[in-house]
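First comes one chain, alone, set out as C-alpha cells in the form predicted on its own.
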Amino acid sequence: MTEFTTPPYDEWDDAQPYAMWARARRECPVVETPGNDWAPQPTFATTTFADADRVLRDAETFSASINGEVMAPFMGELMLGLDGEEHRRYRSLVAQAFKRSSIERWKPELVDAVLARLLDEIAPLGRADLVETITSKFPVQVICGIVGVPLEDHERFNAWAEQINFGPLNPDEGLAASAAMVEYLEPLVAARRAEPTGDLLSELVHAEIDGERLTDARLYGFLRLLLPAGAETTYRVFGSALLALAGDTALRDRVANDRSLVAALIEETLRWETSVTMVSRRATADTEINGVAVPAGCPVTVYNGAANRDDERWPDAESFDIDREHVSHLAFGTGPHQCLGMHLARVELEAGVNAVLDRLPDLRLDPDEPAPVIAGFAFRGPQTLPVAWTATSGV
C-alpha cells in the first residue's frame, strides 16, 4: 500500500510519520510491503500496541538476529542480535552494572556534576540553544564517564556514535567510526585488565558467570552498542521533554513548583515522543500477526513509536498529558531485549529536568528564533531548541 510506505532515507530527519501511522492503525494495522529486487521477501510492520507487545515478547517466533545481520559490520558481535540462552548468558554478564541501584552511585559524582558544569556555562547568558549546549553534550559525557573514557574526548565519541548508528545508510563513515572507536578503546581495555579502577569498563573486563567472561569480540561489540545508544537516544528525548516545558509555561510552572511531577513528565515524554521509533525482528516460522499471514524468514518492523500513540491503550494518545493514568509504554521495548540502559536514561532525564528548572528560571521558547519542532522517522527529537530565561549566576 503506497500510502503506508517508508519515506526515502534522505527525508528521515524531517519526517512526521504519526498521521500515517494513525491511519495504518485504523485501516491496516499490520502493513505488508511486497518484496523487490533489493529485498525479495515481503516485509511486515506493526502499528498497534497489542501487536508490538506480542512480537517483542515472543522471542521464539520473532528473532532479533536481523539486528546482528544489519549492524554487525559497524558494531561487531552484538548482544542485540542474539536469541535464547546465548543472549541470556551474554546479557547476564553486563546486566548487573545497569541495575537502578548500580546506576544511582553515578548520580552525584558524574550525572549531577556534568549538568552543573554545562549549566554554569549558559546560566548567565539568558538565552541559548539547549540542543547545542546541553542535551547533545550531557548524556554522552555521562556514558563516557561511566565507561571510563576521559570526558574531554566526548565530542569525538558523539561523532562516532552518530556515524555508527547511521552505518547502514553511510557504510564508509560507519565502518571508519567503528574502527576508530575500537582503536581508541583498546589501550583502555588493556589498562583495566591489568589494574581495575572501579568504572564500568573495569567491571565488563572482569565480569564472570560460571567461569565465563566476555570475549574481546563481545566486549567491543557491547561498547560500540552502549556508547551510541547511551548518547544518541537519551539526548533526543531530553530535548523533547525540555521543549514540552519551554513551550507551555503553565506546565513549566506547575512542574517547577511540584517536583514530584518530574517522573510523570519523563514517562509521558517517553511515550509521546519515543526517541527510537522502530525495532526489527525476523519471523522464525510461518506465523500471523493480527490475522495477517507472515511467512518464515520475513522481516518484521515493530513501530513502537506508533504503538505508543495507540488510542486503544491511551485515550487521546496524540496529546501530551502528564496527568493521564500511567500504563507501561514501549519506549524501551519489552521482552528479553528490553533496553538495559532504561534505568540510566531515567536517572539522567529526571536529574536533567530538575537541574534545568533550578538553573534557568522562567524557561521559555526564544521569541526571536524560529519555533523548534520534533521531527524524524527512525530517531526523533528537536534538532534545535532556542530558549530564553532570566539570566543567573552561581548555583
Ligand code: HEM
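Everything numeric here is computed off the predicted structure, so don't read it as measured data. Numbering starts at 1 and follows the sequence shown.
Same protein, other form: the form predicted in complex with the ligand, not shown, and the subject of what follows.
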property	result
Contact test in the predicted bound form: Arg218 vs the ligand, heavy atoms, 4.5 Å	no
Heavy atom of Ala331 within 4.5 Å of the ligand in the predicted bound form	yes
is_contact(Val111, the ligand) in the predicted bound form, heavy atom dist at most 4.5 Å	no
Arg281: touches the ligand in the predicted bound form, heavy atom cutoff 4.5 angstroms	yes
Candidate from Leu80, Leu243, Met75, Ala161 lying within 4.5 Å of the ligand in the predicted bound form - any heavy atom	Leu80
Residue among Gln338, Gln41, Asn354, Ser65 with a heavy atom within 4.5 Å of the ligand in the predicted bound form	Gln338
Option from 290 to 298, 221 to 229, 310 to 318, 175 to 183 whose residues, in the predicted bound form, bring a heavy atom within 4.5 Å of the ligand	221 to 229
Stretch 110 to 145 - residues with a heavy atom within 4.5 Å of the ligand in the predicted bound form	Ile143
